[in-house]
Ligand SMILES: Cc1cc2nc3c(=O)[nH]c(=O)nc-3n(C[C@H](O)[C@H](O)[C@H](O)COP(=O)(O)OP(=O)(O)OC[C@H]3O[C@@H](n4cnc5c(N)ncnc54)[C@H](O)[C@@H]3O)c2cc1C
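Just the one chain here, laid out as structure tokens, in the form predicted on its own.
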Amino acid sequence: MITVRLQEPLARHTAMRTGGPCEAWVVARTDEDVALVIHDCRRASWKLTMLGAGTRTVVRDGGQRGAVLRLGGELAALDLVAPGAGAPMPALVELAARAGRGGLEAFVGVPGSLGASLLHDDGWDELVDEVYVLQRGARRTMSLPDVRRKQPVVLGARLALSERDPVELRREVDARWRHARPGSWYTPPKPVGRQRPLDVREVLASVRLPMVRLREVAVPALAPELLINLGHGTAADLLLLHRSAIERVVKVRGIDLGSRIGWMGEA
């Protein structure tokens, strides 16, 4: 069954809780659902945008033209052999820890869905046997390098996780959670002469950003690498604070941290 809501506010479906409406919010739960949505959007000349968990994307206040598609049902299945692309990474990590299956502990602190992580994060090469994608209206298999090169619609993957001692694995996962840093989806630049990437938290803390507050968003003291919506912040507020933080680091430290936030929609 396909769920469709017209003029759905995207602020309801993103971690930052910003974003105006899309023309159609669509949740597809099977391969056939996804194929039908793609076919109908093409026939109607509608733009179709995939949105995972919405943790790496800020939707602008003007909303998004066309349809926005999220995977649900069996396409978000929490399964350690063949999880769906819509499965949330934190839940997969926890499930693997409880089952004594190793490999996913490296993804502690990585936000979002499995599909987005497969496309953008390092560390999957030894863990993925094959990736399931939609091509020509049907489910097919593809290697991870080809997936990253061709960027198809990802439906899920077959994983090859190792057996680990559950007690030892639980201890390692908990330790990683306590010291979690932004995941591999954001790799800060490495200035000339340095042997290791910059520690984002260290750099931001050094320029006195903790608890900077601008209108309705803030940089928290305990995690200055994050932007927090205080309840009524807009995408414009987030963009203003984001730019202010980057400019201050450049001014004080002479370092351009860049940005890996994805922006979608209209201002």
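Position 1 is the first residue in the sequence shown; the rest follow in order. Please read all numbers here as calculations on a predicted model, not as lab measurements. Take the two forms, superpose them, and find the largest set of C-alpha atoms that agree within 1.5 Å; that set is the rigid core.
Just so you know, the form predicted together with this ligand exists too; it's not on screen, but the next bit is about it.
Colleague: Let me test this: is every residue among P9, V27 and A67 within 4.5 Å of this ligand in the predicted bound form, going by heavy atom positions?
Modeller: So, no: the whole triplet misses this ligand.
Colleague: Verify the contact flag for T55: yes if a non-hydrogen atom of it lies within 4.5 Å of a non-hydrogen atom of this ligand in the predicted bound form, no if not.
Modeller: Output for T55 is yes: heavy atoms within 4.5 Å of this ligand.
Colleague: Does any part of G103 reach within 4.5 Å of this ligand in the predicted bound form? Heavy atoms only, please.
Modeller: Although this ligand is absent here, G103 would stay clear of it in the predicted bound form, with no heavy atoms inside 4.5 Å.
Colleague: Can you check whether R170 is within 4.5 Å of this ligand in the predicted bound form, heavy atom basis?
Modeller: Because no heavy atom of R170 falls inside 4.5 Å of this ligand in the predicted bound form, the answer is no.
Colleague: Is there a non-hydrogen atom of D121 within 4.5 angstroms of a non-hydrogen atom of this ligand in the predicted bound form?
Modeller: Flag for D121 set to yes.
Colleague: Quick one: which of 105-113, 137-145, 91-99, 160-168 gets within 4.5 Å of this ligand in the predicted bound form, going by heavy atoms?
Modeller: Only one stretch passes the 4.5 Å heavy-atom test: 105-113.
Colleague: Of L127, V153, A77, L80, which one comes within 4.5 Å of this ligand in the predicted bound form, counting heavy atoms only?
Modeller: Selected residue: V153.
Colleague: Though this ligand is not shown, can you say which of V34, L51, L204, L238 has a heavy atom within 4.5 Å of it in the predicted bound form?
Modeller: Selected residue: L51.
Colleague: In the predicted bound form, which residues of 66-105 put a heavy atom within 4.5 Å of this ligand?
Modeller: Heavy-atom contacts to this ligand in the predicted bound form: L71, A85.
Colleague: Given a core-based superposition, decide whether the C-alpha of A223 shifts by 2 Å or more between the shown form and the other one.
Modeller: Passes the 2 Å threshold, so yes.
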